[in-house]
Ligand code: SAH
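Take a look at this single chain in C-alpha cells; it is the form predicted alone.
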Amino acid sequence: MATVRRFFVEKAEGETSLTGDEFSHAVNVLRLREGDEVVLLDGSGVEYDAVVRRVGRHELVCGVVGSRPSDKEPRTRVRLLVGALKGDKTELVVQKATELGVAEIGVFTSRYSSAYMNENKVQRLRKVAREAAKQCLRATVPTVEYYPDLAAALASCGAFPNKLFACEFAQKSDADLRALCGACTLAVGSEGGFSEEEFALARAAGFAGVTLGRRILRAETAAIAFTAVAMFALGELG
C-alpha cells in the first residue's frame, strides 16, 4: 500500500491550499492529481485526512475529510542546544534530533566554533527539520533558532527543570541520566568543544555537567547519541 503523502500548512480547515515549496513538491515531484489522498499537518499535533480537490497553476486545494490526534509526538519536551558545526553536519544533527523527538533546537556559536551561520543557513535547517518530521511521521516540526553566543543559548532554557551540559573534560557526571524525568535541555558543543570558562558559565546557569564516556566523540556523534540516551531514559523510545 502506497504511503499517503504528508504536507505542512499554516492551518488545516475545510478547503486548504498548498502553496510555495509544498505545492511544487506535490505537483512537480509527486505528481498529485484530483482525488489523491493526503495528510495535512498544521503543527497542532493533529493529523488531517484530506483529498485533492483542484490543482491550479500556483496552488493545490485539498478538502479536509477527517482528523485525529497524532500518536507519534513525544510526551516529554526536550530542547537540544548544539554548537554550529562545519559543512552539513549541523543539518545531520537537526535531522536526527527531529526523528528522535526533540521539540526545540538551538544552534549557537561558542568560543571554539569554526562554522559560520547566517539567516540562509538557519532557514535551511528549518527546512531540514520539516522534511525530517514528514519522514518520521511526526505532526509537528521542531523550532530551530540561532544564538550568537553560548550565554544567549543558555539563557533561553530558564523554564526547563533538567539542564544537562555534555563536556569532554568533565571527570564525572553531576546528574544520573538513568533517572532523568521531565522536560530537559541538552547542550553539546561544536568540533572545538567548550572552554573551562564556558563550562563554568553553564553551571552558573543551572546546568549539570555530564560525561559521554571515556572516548572522545565527534561533535555530531555526541549530539545524536546524547539525544538518543536522554530520549530512552525518558521512555520516548520504548
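Residue indices: 1-based, along the sequence shown. As the structure is a computational prediction, the values presented were derived from the model and not from experiment.
Keep in mind the form predicted in complex with ligand SAH is missing from the figure; the text below concerns it.
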ask   = For residue 207, is any heavy atom within 4.5 Å of ligand SAH in the model of the complex, or not?
value = no
key: residue 49: touches ligand SAH in the model of the complex, heavy atom cutoff 4.5 angstroms   = no
request  = Classify residue 215 as contacting or not contacting ligand SAH in the model of the complex by the rule of any non-hydrogen atom within 4.5 angstroms, answering yes or no.
outcome  = yes
key: Touches ligand SAH in the model of the complex: residue 188 (any heavy atom, 4.5 Å)   = yes
ask   = Which single stretch, out of 86 to 94, 143 to 151, 161 to 169, 128 to 136, brings residue heavy atoms within 4.5 Å of ligand SAH in the model of the complex?
value = 161 to 169
task = Have a look at 44, 211, 67, 70 for me and say which one sits with a heavy atom within 4.5 Å of ligand SAH in the model of the complex.
result = 211
